[in-house]
Every structure is written in structure tokens, then in C-alpha cells.
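What follows is a single chain, given as C-alpha cells, in the form predicted on its own.
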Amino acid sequence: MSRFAGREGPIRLGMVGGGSGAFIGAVHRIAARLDGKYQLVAGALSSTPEKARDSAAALGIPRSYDDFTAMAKSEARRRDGIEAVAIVTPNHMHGPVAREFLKRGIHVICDKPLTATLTEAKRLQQAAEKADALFVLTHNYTGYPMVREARALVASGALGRLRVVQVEYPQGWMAAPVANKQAEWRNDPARSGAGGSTGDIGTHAYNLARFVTGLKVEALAADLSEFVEGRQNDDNAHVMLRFEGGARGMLWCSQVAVGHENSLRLRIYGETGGLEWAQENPTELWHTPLGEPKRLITRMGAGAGPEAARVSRTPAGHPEGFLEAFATIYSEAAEAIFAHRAGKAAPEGVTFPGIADGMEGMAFIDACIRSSRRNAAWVVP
């Protein structure tokens, strides 16, 4: 039985990282409060104590800590301590922070990728598997209702045996040297890991393809580039994929694609049909049965199934986007945490990325780097 058994009401949430000037911290806070299932009560929002305290005061967070270790120890002892923690630090801190909270039975909701290195990821995996706590990874694009719809259509056999999977995630914001906090740590292998665009957005594309198709990747061949002078991590990647069962695919991720903002797109083609979904128009899913006209399925519209409906919040025609999809991951995690309080399994249908997805992402980054160093040789992730 969970040590939080008998606790009622919203989940008391803490946050590590995400102080003033941090984009993703604000996104996590919005996502956590959207459905009313969390209450943010504690934080170690910066590695600079004064900034951490100032950020907590500005956000109205009651308890501020100078470092995450002190926070984990103190909150674990409190009767009103946190039940879960959101980790929104640069990648190299994900593992150390997560382990401190997991070993004290505090659930972890961690930004992606899992860690900076595969070795550190394996240490975190061991800690997560031993802990009496959930580990959630915020691959937020799996929270979109029409992504859930696409997954259900593939699983139903509507496309037949899968043949081709194309996924891409181009951005253009780093097409020239960028001097800001977000770009700076991403170009530092010590903090971001060896993967640049592959770790930052390639893992999202890879996870999306895996989530919707259910197919495992047997081998990949990657060509990574650092187009901007002085860049230490890749800013563009072309990756060929061989899936189990004979399907073939290609993944393109880029942060130097001028004109693109967040153009995540997935196309899947099988023996009897095809699917297309684009993140920048997320309420629409195109389904083309073989020999029939192309069909548009919209969120909560005619033909949409229960998988999309259960993670939708508004009627058809009212757009739901990035923040709502992110909030779906938090909401799904909350349902699992509520069940954990009672010593029960999560309700049927509740789905969120976890430690296994994180390990797959890290193996993807590692394989891309190994392949590219061998002139795009085929390697096993």
C-alpha cells in the first residue's frame, strides 16, 4: 500500500528547475493545473538559491528550497509533503534529481529525453524499477486526441499490414547562431548529451512513430550534421528505419529548417490504407482507405472513436492544442497516482510514456551517433 494511502484531493506537486526565464517550466505548470488534479506547493526552481527563492515567490509557491536534495529529504518527512515532482532541468540533471525522489517513494514526472547519457539512463531505469513510485516521461505529443485516434485505427487493422512510416520534426529557430539560455545548454554536450536535434526533437518523432504504430525498430542508419559553425551537437538528422515485420521508415529532425516552427508530422501507409497527422493542425486526421476517397476525421467529430474522446475536453470545433495535449499526460499520470494511493491498478485506457519509452529514446540517440560516425552504417538501437 502506498505511503500516501488515504490521502484525498489534488496531488501535492513539487518542481525542480523551471525558474524565471525557463520556457518548459511554465508549460509544465500550466499542464499540471489545467484539469485541477495537482497543487504546486514546493520547488527548487534554480541552482542559484536567490533565483530559486525569487521565482517561487513570484509564482506563489509556499515552500522554496536551495537545492533538490534538501527538498527531497524535507518533503519526504512532512505529513503534507509532496506526492509527485516535476523535473524540468537540463538533461544532465534528470537522473540525479529523479533518483533522489524515487528512492523516497515520490512519483516523478520528468521532461524528455530521459538523461544526457545512456549509462545514466540505465542507472535511472534501475532506480525507477525498484521504487514504489511511478515514473512518467512527458512525450506530450502522445496526448493529442487524434494521435490516440490514429493509434486505435492502426491497432484495429484499418491499414492492414504496415509498409511505410514517415515521421519528421523540422524547426528553424537554430538556423543561425543563437545566443540565449535555451540554445546555449542545448549546444553543450555535458548538459544536453551527445545528441542535439536528435535528442531534443528527434526523440519526440521517434516516440510518436513507435506509439502510433506499435512497431519496434530493428535497425537504423543515421546521417547527422552540424551545419552551423561552432555547433557541437547535431542540428539536422536523416535516419532510415527498419521496423519489425518488414515495414520501412524514415525520420527527419532538424533545427535549421528555415521557415519551419514546430512541424511535427506523421504519415503511415499499410496494405489497405494510409494515415496523415500534423501537429500544427492537430484536430485533424486524414484516413485514406485503399481505392476510396480521402477522409477527414476531426476531434469529437463524426467517425472519431472513444480513444480520442476520453482525452478531449471541449466540443468539436473548439481547438485543443499543445498545452491541452501536455495536460493530458499530467491527467493520465494523476489517474495512475490516484489508483496507486488505493493500491489499485490504473483505470483501463490510461496511457502515458514511462521509463521504457525513455530508454528507447536514449537507445535511439546512441544508435544515431554510432551509425553516423560509421558513415551511416546500419546499427541496432
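The numbering used is simple: start at 1 and walk along the sequence shown. Being a predicted model, the structure only gives us computed values, none of them experimental.
This protein has a second form, the form predicted together with another copy of the chain, left out of what is shown; the following refers to that one.
None of 94-102, 107-115, 237-245, 70-78 except one has non-hydrogen atoms within 4.5 angstroms of another copy of the chain in the predicted bound form; the exception is 237-245. Using a 4.5 angstroms threshold between heavy atoms, Tyr65 stays clear of another copy of the chain in the predicted bound form. In the predicted bound form, another copy of the chain lies within 4.5 Å of some heavy atom of Gln279.
At the 4.5 Å threshold, heavy atoms of Leu134 stay clear of another copy of the chain in the predicted bound form, well away from it. Using a 4.5 angstroms limit between non-hydrogen atoms, Ala179 is distant from another copy of the chain in the predicted bound form. This chain is displayed alone, yet in the predicted bound form one of Ile355, Ala336, Val41, Val27 has a heavy atom within 4.5 Å of another copy of the chain; that residue is Val27. This chain lacks the partner; the member of Ala155, Ala309, Ala183, Met250 within 4.5 angstroms of another copy of the chain in the predicted bound form by a non-hydrogen atom is Met250. Each of Ala221, Arg265 and Gly273 is positioned with at least one heavy atom within 4.5 Å of another copy of the chain in the predicted bound form.
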